[in-house]
Ligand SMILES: NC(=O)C[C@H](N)C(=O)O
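This document starts with one chain, in the form predicted on its own, laid out as structure tokens.
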Amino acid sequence: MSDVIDIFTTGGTIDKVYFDALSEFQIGPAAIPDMLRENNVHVAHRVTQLMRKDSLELGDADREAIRAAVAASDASRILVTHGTDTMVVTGRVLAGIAGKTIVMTGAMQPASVRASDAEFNVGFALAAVQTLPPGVYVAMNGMIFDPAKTVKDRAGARFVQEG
């Protein structure tokens, strides 16, 4: 297994940008390469953009493609940036991949917006992927969650553990 952290990007709010003054937010290029460089992150990593989709547009085939990329990676530590609306659904699909620590993160506000939680969440997820045992986790807003027991609280703009 490689010591490099594999970072797979899938789109979601974290990668949304305004293309012009008249448009809605659209998913642009992955924000994470610039974010890591600007924050002087030196942990060995490689970034692969798997797709550029809002998580509400992800289907079973997309989730299987994410799973296949994670399973095929020679890295034991995987970070997946993902839209928050269906992050836990994809997390459940990733369950059962042996020998890997898989951490999913995203943002409630685009990384391109000053008041975004993106940089904090990515930094938190990078720390989590280096310290947690093998398994699948959601790292959002300073908390670690098991995707099998987690839901997004839209009104509270946060994730909560069920039960």
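One-based numbering along the sequence shown. Just so it is clear, the model here is predicted, and its values are computed rather than measured.
Omitted here: the form predicted in complex with the named molecule. The next part is about that form.
The closest non-hydrogen atom of Ile102 lies beyond 4.5 Å of the named molecule in the predicted complex. Thr84 belongs to the set of residues with a heavy atom inside 4.5 Å of the named molecule in the predicted complex. In the predicted complex, the named molecule sits within 4.5 Å of a heavy atom of Met108. With a 4.5 Å cutoff on heavy atoms, Leu56 counts as touching the named molecule in the predicted complex. The stretch that touches the named molecule in the predicted complex, counting heavy atoms within 4.5 Å, is 47 to 55, out of 47 to 55, 124 to 132, 66 to 74, 34 to 42. Shown without its partner, the chain has Lys152 as the single residue in segment 126 to 155 with a non-hydrogen atom within 4.5 angstroms of the named molecule in the predicted complex.
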